[in-house]
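One chain comes next, on its own, written out as structure tokens in the form predicted on its own.
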Amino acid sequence: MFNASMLINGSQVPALSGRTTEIRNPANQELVAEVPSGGRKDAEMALEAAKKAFPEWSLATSALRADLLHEAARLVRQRCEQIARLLTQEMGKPLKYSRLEVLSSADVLDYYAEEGKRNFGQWISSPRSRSIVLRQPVGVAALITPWNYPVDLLAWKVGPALAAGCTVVAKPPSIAPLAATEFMKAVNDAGLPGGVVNVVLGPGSEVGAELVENPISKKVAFTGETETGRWIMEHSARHLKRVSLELGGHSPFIVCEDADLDKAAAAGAIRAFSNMGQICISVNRIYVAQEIAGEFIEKFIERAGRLKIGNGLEQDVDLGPMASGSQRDKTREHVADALQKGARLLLGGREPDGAEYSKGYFYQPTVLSGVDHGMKVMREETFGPVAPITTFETVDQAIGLANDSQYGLASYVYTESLESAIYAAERLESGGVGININNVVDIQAPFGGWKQSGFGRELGRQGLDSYLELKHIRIGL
């Protein structure tokens, strides 16, 4: 069994209360670890440590910060197997994908190590004055992250925050804190001064609330549910804190009549069921041109049926268990609601048979047809392995259906027509649009949502800017 600890002011510490929480493998309920369960006082101590460390770190040269971030990336890669195994054990994703997530987090650190060197100001000449515009770190940043990609999404925040000169206090997710904490320990072990990076484990109602409400934190970066994001925004406003919110999604996947159906079906199945559909940019609803709907559905079901379900530590597994019983219950509820309202079940719709699945939170990849926007699965974020499919007659109708949602994180369009691609991309109401590709994430480009999917951007140059304040210095001549 793995014994975890928190990280405050450069030291690994238990919770002040002595409380601990068990972490169990969602594939079989085996005990994986006991972790400290901190509270408001622990979070306050971490914020104080970050505040004390901020002056020195904020004045460090970009070259020094870059060297330390590169070293952190090296240590993360060196410890990849250990971190990845913990990730699989605590939240279920297959080990091969856990390794990819950990390695991706190291890439993010390397990217921002170099991007931080390009934190240039401006020199502006006027007849009787000169103006200098500086970009300076905002201060202590509170980083609150989800369980579906607990390492990668933490790196998206840690990398730019440290490169900008901020100190950080991270709160990993309560149901999957192990890999994220070990990632942060690797960053700390790169040689950062004590207090620059801190980790507090515990419930969001205590630890998260203190990080948001305490005036020490000047920036809150959160990825998670929209309702929680609203609460964070409301309480951060009392101190006029800077806030970045990457919230829920409900991504449409549009397949036009002229699309390459083999590519569209393969890409759609991967994005709908990967990580058991527990991805904020997962394919949540599929709109297919009427003329090719039958052929597309046949190919889509064939691809989905190939996916192998099992314990994420086993070889050749494509899908592990869902992360929790509550997530599976929500998936069941959405499928039952759709079937009750007239949807047709084409694949899955239940737990897999077999003793090896009896103790885990497993659920089969599920395909529904005959769906409409009166069903929960077409309006609410299922966060499970369900792909509802319906048809459209014109591209304008498809765009209208796609935009008929409170969310706007990602959209996908498959077409061989450049005109149709541009037409749809410019009209879809989402922060990212994938054309003939099932992923809108690129380290070098901004990522974030419209509408109830949040605001602010991570990754790219914009990710660094979100941790910087502008200062204008005017010199009279």
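Numbering starts at 1 and runs along the sequence shown. None of the values given here were measured: they were computed from a predicted structure.
Just so you know, the form predicted in complex with a small molecule exists too; it's not on screen, but the next bit is about it.
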{"item": "Every residue of 147, 232 and 383 near the small molecule in the predicted bound form, heavy atom within 4.5 Å", "value": "yes"}
{"item": "Among 314-322, 202-210, 69-77, 255-263, the region lying within 4.5 Å of the small molecule in the predicted bound form by heavy atom distance", "value": "202-210"}
{"item": "Residue contact check: residue 369 to the small molecule in the predicted bound form, 4.5 Å heavy atom", "value": "no"}
{"item": "Partner contact for residue 274 in the predicted bound form: the small molecule, 4.5 angstroms, heavy atom", "value": "no"}
{"item": "4.5 Å heavy atom contact, residue 57 and the small molecule in the predicted bound form", "value": "no"}
{"item": "Residue 43 within 4.5 Å of the small molecule in the predicted bound form, heavy atoms", "value": "no"}
{"item": "Option touching the small molecule, based on a heavy atom within 4.5 Å in the predicted bound form, out of 137, 348, 310, 173", "value": "173"}
{"item": "Single option in 153, 108, 196, 398 placed near the small molecule in the predicted bound form, where near means a heavy atom within 4.5 Å", "value": "153"}
